[in-house]
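Below sits a lone chain in structure tokens, taken as the form predicted alone.
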Amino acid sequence: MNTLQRGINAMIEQIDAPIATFFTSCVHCGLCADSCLFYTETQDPKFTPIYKLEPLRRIWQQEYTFWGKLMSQLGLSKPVTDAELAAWEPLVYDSCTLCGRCSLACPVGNDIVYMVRKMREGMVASGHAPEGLKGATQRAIGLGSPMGVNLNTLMAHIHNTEKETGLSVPLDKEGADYMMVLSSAEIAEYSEIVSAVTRIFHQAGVSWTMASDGFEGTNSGIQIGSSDLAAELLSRVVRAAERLKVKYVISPECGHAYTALRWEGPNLIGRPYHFEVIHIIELLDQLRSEGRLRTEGLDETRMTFHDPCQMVRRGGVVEQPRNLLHMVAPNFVEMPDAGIQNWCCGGGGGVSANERAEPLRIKVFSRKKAQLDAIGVDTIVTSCSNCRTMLLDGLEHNSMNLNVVGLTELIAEHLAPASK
């Protein structure tokens, strides 16, 4: 069987009742276009979200509808070709961050992100996926991290944190309440997160650990669209958590790590967890509400919060980051379209790992620039390491002199001394 047929078969297998319902109920109103970063900033109709699914729609029509089958038999509906899949690859991968804004806007409730995920399954099987995303996924499977981060890298940061703070960073501690998972970007680029959570958890008296065999939360399988690979990467975290008998796994400041762990996980591995999943920001807000997270001093900087799509729009963690910001940021202001309506950083869904998509990603940052220009801030706070990198790239390209900081680190900077 050639790769094209494998891809077509994979798409046929992915067409379930929701997919059929979504294609049947689409009223072609165009609201998904107006909600898409790539359409609004280019005005190119090919970036209309539902149009990105045209090959999948044709396969559904030809395989599962009466008129589609008849037209196919009469030669009036041509089968999807390899050339068409190659032409659609940039639409499915370069111009979709799986941000979910189109799904939110759909008046009949069609989950277009769900459909794109299904189509990516077929694209991967047919060999049509960006080289950068293929490489990241191969590194994740072979090395344990899409950025090539390994245990030695983590151990170096643990050693530095223990030297800096005088506190112990627990590793492979059986019976702890919480197991902290990190993303590659946090370890490689924003390693101050290790010191931040160590100091916060010490002050709050949190029983926690990290796992030597399950510290990487980034899930490239979700991004490239392979459920099998996503399940393999996720299973490493699940096995580690169950080996250590923890009650909770803490998702890091990484959008698709949160999606994979919190929402996709049990379906991917085919069984329930023996633990619960909580985002680091959810946990910090819980500690705040219990009086266990105490800060001192204020940051008078005029700052705003960039809502990560997977955490806020698709995950529902909306008020918690704002509760934390109000502890330390008296001059906090909201962006236009904040909260679940916020615009994507432009690099989610694997776009940041796709070098081919970079010119388009930089172009559509104009939407985020407009949001920031409207409020005139000095600092952007976010709670996703990928967003953080994409914001820094966009700001540099547009010569915007703004600081970008992680929310966990901001809270740690204002941490009150731990009780004796």
Partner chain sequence: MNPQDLLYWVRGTGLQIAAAIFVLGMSYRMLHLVLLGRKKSLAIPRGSEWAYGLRIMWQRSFVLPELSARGKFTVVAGYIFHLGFLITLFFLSQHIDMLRAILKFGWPALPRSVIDIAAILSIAAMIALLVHRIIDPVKRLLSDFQDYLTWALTFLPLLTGFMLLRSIGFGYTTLLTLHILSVELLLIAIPFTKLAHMFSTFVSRWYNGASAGFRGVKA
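Numbering follows the first chain given and starts at 1. Remember, it's a predicted structure, so these values are computed and weren't measured experimentally.
This next part talks about the form predicted together with the partner chain, which is not shown.
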> in the predicted bound form, which of 171 to 179, 146 to 154, 190 to 198, 272 to 280 comes within 4.5 Å of the partner chain (heavy atoms)?
Replying inline: 272 to 280
> Any chance S95, K369 and L392 all have a heavy atom within 4.5 Å of the partner chain in the predicted bound form?
Replying inline: no
> Contact between C26 and the partner chain in the predicted bound form at 4.5 Å, heavy atoms?
Replying inline: yes
>> Can you work out whether T42 and the partner chain are in contact in the predicted bound form, taking contact to mean some heavy atom pair no more than 4.5 Å apart?
In response: no
>> Using a 4.5 angstroms cut-off on non-hydrogen atoms, would T48 count as touching the partner chain in the predicted bound form?
In response: yes
> Does G376 reach the partner chain in the predicted bound form, with heavy atoms at most 4.5 Å apart?
Replying inline: no
>> Quick check on this chain: which one of V317, V116, A240, L234 has a heavy atom within 4.5 Å of the partner chain in the predicted bound form?
In response: V317
> So which of T209, N342, N110, T161 gets a non-hydrogen atom within 4.5 Å of the partner chain in the predicted bound form?
Replying inline: N110
> Going through 6 to 34 from first to last, which residues have a non-hydrogen atom within 4.5 Å of the partner chain in the predicted bound form?
Replying inline: I15, D16, A17, P18, A20, T21, F22, T24, S25, C26, V27, H28, C29, G30, L31, A33, D34
